[in-house]
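One chain comes next, on its own, written as structure tokens: the form predicted alone.
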């Protein structure tokens, strides 16, 4: 049987994970094309659900448990003028709610797996898609801003500029216990994500003007805000501070002929719920299932309905989840007229066991129930 050829463009988390997963499908050859030169260090962390963690471990053999820091408890707080309301606590006893990993370390492991596999790694600067005409399937994982997408999608995406900046970084600490937490603060949502015994990462989404006005003192501002939230006077060290603009972008067209967009190029959402890479992993899982099915039937991917099947199966969840995150962000934004009503709502959420159960299922499995 002649093997079908799949080309993946981009060596970010999405591209590397897609290459590693699809290389396990028999009957295909995988080529990964990455830019020349040294990659910029990605000193961020990523959170994934328990089901996505299991999916990764089933498909990537070189990963070790200690790369992924488990969390059995997640706490959500809403800041009012008088207090911080702990309105939702999610707990698990027999399993984990989520895992957090350092992007650079996981990318390094993925590259090692690829170097030991049959995946062909080519480092070149791709100028146009015509160079890839000999492949049966082309998957673009080249971020959200590439102009190459303009040659594929003629339908305008759903887009929104939040006019916000996400501030990320690491915190070294000596706290004995620290839970994964999300604080909806007056400046914007701040997430605390433990990824080792003495380190956690944070993501603080703030208005652009707030960031610009406080850029020179952002480290001290972060230290003071975090120690206040954790209610501790212990000294902490903040490092690896990075920032990037926050936008919403949802493609309404996923593919053209045998070229598919994947990763941030397909959907970029607000980080408030930590669902961005979870959606990417669910996309990869479904794509693997579809490719495996068509290849097992001996049908050429280049002339099949494989990408139509992928579009029809993944677009509903990607759209609903992304707009749901947008709604959540808008709900918790400060508004002097609506804030009194929101206080009542969040206080009632605390004792709603049905909502807790539903929240755990959706964050773990998405809408693929």
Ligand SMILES: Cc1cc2nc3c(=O)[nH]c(=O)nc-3n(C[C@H](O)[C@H](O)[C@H](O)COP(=O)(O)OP(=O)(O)OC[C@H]3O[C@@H](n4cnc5c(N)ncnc54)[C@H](O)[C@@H]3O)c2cc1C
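Note that this is a predicted model, so its numbers are computed, not measured. Positions refer to the first chain, counted from 1.
In what follows, reference is made to the form predicted in complex with this ligand, a form of this protein that is not presented.
- Contact annotation for residue 10: at least one heavy atom lies within 4.5 Å of this ligand in the predicted bound form.
- Contact between residue 276 and this ligand in the predicted bound form is found at the 4.5 Å heavy atom cutoff.
- Contact check for residue 157: no non-hydrogen atom falls within 4.5 Å of this ligand in the predicted bound form.
- At a distance threshold of 4.5 angstroms between non-hydrogen atoms, residue 166 is in contact with this ligand in the predicted bound form.
- For the candidate set 126, 222, 114, 178, a heavy atom within 4.5 Å of this ligand in the predicted bound form is found for exactly one residue, namely 126.
- Residue in contact with this ligand in the predicted bound form (any heavy atom within 4.5 Å), chosen from 141, 291, 138, 284: 141.
- Here the chain stands by itself, but in the predicted bound form one stretch of 66 to 74, 297 to 305, 329 to 337, 27 to 35, 27 to 35, has heavy atoms within 4.5 Å of this ligand.
- Contact residues in stretch 253 to 275 (any heavy atom within 4.5 Å of this ligand, taken in the predicted bound form) are 263, 264, 271, 274, 275.
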